[in-house]
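Given next, in structure tokens, is a single chain: the form predicted on its own.
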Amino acid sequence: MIARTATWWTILRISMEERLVYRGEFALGTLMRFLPIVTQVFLWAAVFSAMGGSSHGRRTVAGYSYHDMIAYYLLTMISRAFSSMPALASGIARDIRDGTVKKYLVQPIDMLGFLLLYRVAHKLVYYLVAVGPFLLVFYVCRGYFPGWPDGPTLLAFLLSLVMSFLLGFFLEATLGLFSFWFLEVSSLLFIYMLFSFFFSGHMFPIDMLPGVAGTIVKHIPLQYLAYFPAAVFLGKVRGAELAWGLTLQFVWVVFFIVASRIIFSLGARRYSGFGA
């Protein structure tokens, strides 16, 4: 147990040292990612003004005031920074296709565990470096927020962010592992990204979806990648609904952990590698 812990710590430490090389890119890239929020400010100002009044009035859309909407988009930037896993699934597919996956099959290193630690290191270094740009943007936009939530709500928000990271990782890892059967999963990833963009709440709060469509979207895992943490912080989800949402998010995390393990096990059994 001690030897295994030392191994995983070494992997995490080296991964963090590797990611620190990109600290300048992280800081600048983070600041640039907030620029599109300027267009959202003007867009929603126009929407609320078209409703017949000042954008700073009390009119709401799906329960969101103008200030709530801007705060929501800023908070989804945080959610997506936790849940997004750039190149994870495509990287797994590439390793399976070119045979690099063999190193995980013949050496005593678990593939999913290694990739998870690598992503943990990436997120730790990213937030260590990007905290400055985040603080700057949120300070400038502080007028859009009603204030800090209470202690339990803030704790629920942080818990939802951690689970959004785990959900994003194991969901994309599961998609990438289908390469054991298809070799190339770019089309599958395109479909996933398309649905994720619309139904995770990254483009608009999914509260806006009416009827059956809104009910379905709120029962699939995509909402936990962006919408749910932001809604928790803003107090849109409270009481029993909050407890149920966190429970369902945890269930989805466990589901994709188990699914990724099963698919990796089945895929490794059928995998064949040739050559040196």
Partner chain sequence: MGRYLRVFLTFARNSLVRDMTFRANFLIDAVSSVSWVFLNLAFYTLIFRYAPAIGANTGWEKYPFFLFIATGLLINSLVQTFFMTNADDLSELVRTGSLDFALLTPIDTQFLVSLTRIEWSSLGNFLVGLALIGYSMYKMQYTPRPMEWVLYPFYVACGVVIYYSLMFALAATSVWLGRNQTLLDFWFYITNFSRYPMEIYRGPWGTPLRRVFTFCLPVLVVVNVPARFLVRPITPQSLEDWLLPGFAIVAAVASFAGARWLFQRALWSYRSASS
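Quick caveat: nothing in here was measured; it's all calculated off a predicted structure. Positions refer to the first chain, counted from 1.
Keep in mind the form predicted in complex with the partner chain is missing from the figure; the text below concerns it.
- With the partner omitted here, the residue from L246, I70, L234, L209 that has a non-hydrogen atom within 4.5 angstroms of the partner chain in the predicted complex is L209.
- The partner is absent here, but in the predicted complex a heavy atom of L194, alone among V106, L135, A87, L194, sits within 4.5 Å of the partner chain.
- With the partner chain left out of view, the stretch that reaches within 4.5 Å of it through heavy atoms in the predicted complex is, among 150-158, 185-193, 113-121, 172-180, 185-193.
- Of the heavy atoms in R33, some are within 4.5 Å of the partner chain in the predicted complex.
- Contact check for L242: no non-hydrogen atom falls within 4.5 Å of the partner chain in the predicted complex.
- By the criterion of a heavy atom within 4.5 Å, A46 is counted among the residues contacting the partner chain in the predicted complex.
- Put simply, V217 is far from the partner chain in the predicted complex: not one heavy atom of it is within 4.5 Å.
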